[in-house]
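Form predicted alone, single chain, as structure tokens, below.
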């Protein structure tokens, strides 16, 4: 039986049925999933039962895997290097404490962002698997940056053409007042250039590429650049561009980081367990390199 694709909106987010990700996919099913992904950018696979290797094996269909930036920290982790632990649990699988450094660092996930834009080689897609969820709260919102770009006035589109933003994990954490990056994080995660608008090769659609990780725009005064970034984030996250996912245990949700933003919503993280694990697939090159834009070092 072929997979079932049930769109949530005409062009953004779809549920995928008649598929078991714990087993290798046929070539036909793998291609159908990819085509749905290039169209809808966010795919939901309900009722999956996955071990870590099965999760990673499905992710590898889309490209090479990233290693988690948690490896740059100084605290022990509870997952293998290719899995990003975005839960509220410490390395002993216990709910973290109120003043946990990991908790303060991960609060940045509640800002609108796109994964790994702060790396010179950013992420193509992320695949987040729900092992346990809180009874209330903890939803994830996704914003369609393709639709956001399409809705811009023509004058703004012309203004953005060729602009390069600077992304850094320090910029997003500073928005929350977290400035305690350790030496390894500072060394391994310096500011990197990324295009402010990019084209998705599989469908030819133009998309904004903004996030809380973006802190300045090259060639603009810092204050003006930051104001433009904030304006674009506010524009692209208007309700008409946003899908809210209410998690169920066993959901695997994947999204295209090249053309979406997302954020986690609040929940009582000192009371309820939320065990979420993410595989992340690397893009093929830096966005400036993909666009053929040479960026001088600053």
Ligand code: OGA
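If you're wondering where the values come from, they're calculated on a predicted model, not measured in any experiment. Residue numbers count along the first chain shown, from 1.
Another form, the form predicted together with ligand OGA, is not on view; read the next lines as being about it.
When ligand OGA is considered in the model of the complex, only one residue from 109, 79, 100, 199 comes within 4.5 Å through any heavy atom, namely 109. Checked against ligand OGA in the model of the complex, the residues 173, 226, 139, 205 give one hit for a heavy atom within 4.5 Å, which is 139. Although ligand OGA is omitted here, in the model of the complex all of 86, 255 and 262 have a heavy atom within 4.5 Å of it.
Just one listed stretch, out of 139 to 147, 160 to 168, 209 to 217, 188 to 196, contacts ligand OGA in the model of the complex at the 4.5 Å heavy atom level, and that stretch is 139 to 147.
Ligand OGA in the model of the complex is not approached by residue 125, whose heavy atoms all lie more than 4.5 angstroms from it.
Contact check for residue 113: a heavy atom falls within 4.5 Å of ligand OGA in the model of the complex. Within 4.5 angstroms of ligand OGA in the model of the complex, the stretch 266 to 288 places a non-hydrogen atom from each of 274, 278, taken in sequence order.
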